Ligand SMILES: Nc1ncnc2c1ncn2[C@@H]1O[C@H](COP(=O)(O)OP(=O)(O)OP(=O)(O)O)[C@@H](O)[C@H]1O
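Single chain ahead, by itself, as structure tokens, in the form predicted alone.
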Amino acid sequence: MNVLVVDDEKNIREIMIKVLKLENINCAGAENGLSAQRMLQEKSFDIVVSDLKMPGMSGQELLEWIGKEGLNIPVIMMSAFGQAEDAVRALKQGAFDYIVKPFAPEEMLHRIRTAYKSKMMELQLDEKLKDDSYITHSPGMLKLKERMLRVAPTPSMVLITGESGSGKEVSARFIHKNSQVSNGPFISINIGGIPENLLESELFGYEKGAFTGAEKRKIGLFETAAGGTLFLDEIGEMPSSLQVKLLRVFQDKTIRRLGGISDIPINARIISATNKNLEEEVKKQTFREDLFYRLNVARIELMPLRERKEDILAISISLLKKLNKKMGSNIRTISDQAIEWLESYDFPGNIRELENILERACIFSGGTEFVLKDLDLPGNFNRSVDKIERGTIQEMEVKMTKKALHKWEGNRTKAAKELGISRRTILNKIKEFNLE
């Protein structure tokens, strides 16, 4: 890590440099903004710590210059007591954080490390997003992602299933992006969100005079999606009266507008999604079996967020970038404690609930880092998670192995599967920890 300390007060600058060097942090000093500007042009730095008020070029002006130059360098502003208003203005203009003089060295070290951690996380995520808009590290989701990439170039219908908020539309957009119609439109409709009497005209369109109020022709979504993808979200909510018409569309590849007399060929990739168990709906005769088989050509079953907790941090960082733009906030990182608790929560509302929690935190957070108190967690949060146990790695292994064996009543194969290890490994653990 390379840190540039900018302060016109020589004693403060030199003390900070000594403290940082004691922590094995590479650093250099500049006595004003102009000097710092020259050094940033000559050498690469990871963090800039700058005083707010300086002769020649102020910290505020240096911050603006860094932004205009497009340098991805977190800037921590130092302000004297009474300059809080200027420091807040700097935060709004892109400063990572600010600290009021005088401050303890430990506090500054914490903020520098937090800024560096944030920068590293952003760089890792940006590198991933260059080639890939689908964020996952979970083995199960990586297999699903591979499945989506295999089906994407084909014209086959896709049915995406999963709990509410698990990312069905994101998955549909990912398939569209990697399909042969990626240059065409992606048209989405939530079947459950449109009244039955309006749904048919939304999908198929209508001719002028088709009914009272139809003063001019309207093009339906099947036609609008021509050359692209039509995403039918919550297909399980499709009224039975329209299921027959939808089946005919899929069979004949044509539609007829309401009030029309001619059939119109359709040229759109169809992706459907539902949070219902359509097999059960077929048994209950609330969903047509023949329509189900038409839709269920390529099946993508999404995992709930509670089963892919290794993705929570990466998804949170991605959501934060979007929320910062939306909310005008400047949250750059999440504290280890907050991450630990988020990864322990079951998220019944999945990714949508995670986004809502982070949006609330954007409203109530007072700095550039989320801490646990900012998350405004649900009232039953503490009851919904297991207590986080601590100890040595071996102690944790013993506890986890015992817990899995108790849960599966001594069935070693099932316990090994839950722990993500082989049966041979769990047998060795049982022998090693004397758990016979």
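The numbering used is simple: start at 1 and walk along the sequence shown. This structure is a prediction, so every number in the text was calculated from the model and none was measured.
In what follows, reference is made to the form predicted together with the named molecule, a form of this protein that is not presented.
Shown alone here, residue 169 lies within 4.5 Å of the named molecule in the predicted complex, counting heavy atoms only.
The closest heavy atom approach of residue 118 to the named molecule in the predicted complex falls outside 4.5 Å. The named molecule is not shown here, and in the predicted complex it never comes within 4.5 Å of any heavy atom of residue 238. Within 4.5 Å of some heavy atom of the named molecule in the predicted complex lies at least one heavy atom of residue 355.
Distance criterion of 4.5 Å from any heavy atom to the named molecule in the predicted complex singles out 164 from the list 201, 329, 164, 296. The partner is absent here, but in the predicted complex a heavy atom of 315, alone among 342, 191, 315, 144, sits within 4.5 Å of the named molecule. By the 4.5 Å heavy atom rule, the three marked residues 135, 319 and 351 all count as contacting the named molecule in the predicted complex. Heavy atoms within 4.5 Å of the named molecule in the predicted complex belong, among the stretches 333-341, 201-209, 247-255, 169-177, to residues of 169-177. Counting a residue when any of its non-hydrogen atoms is within 4.5 Å of the named molecule in the predicted complex, the one hit in 254-278 is 275.
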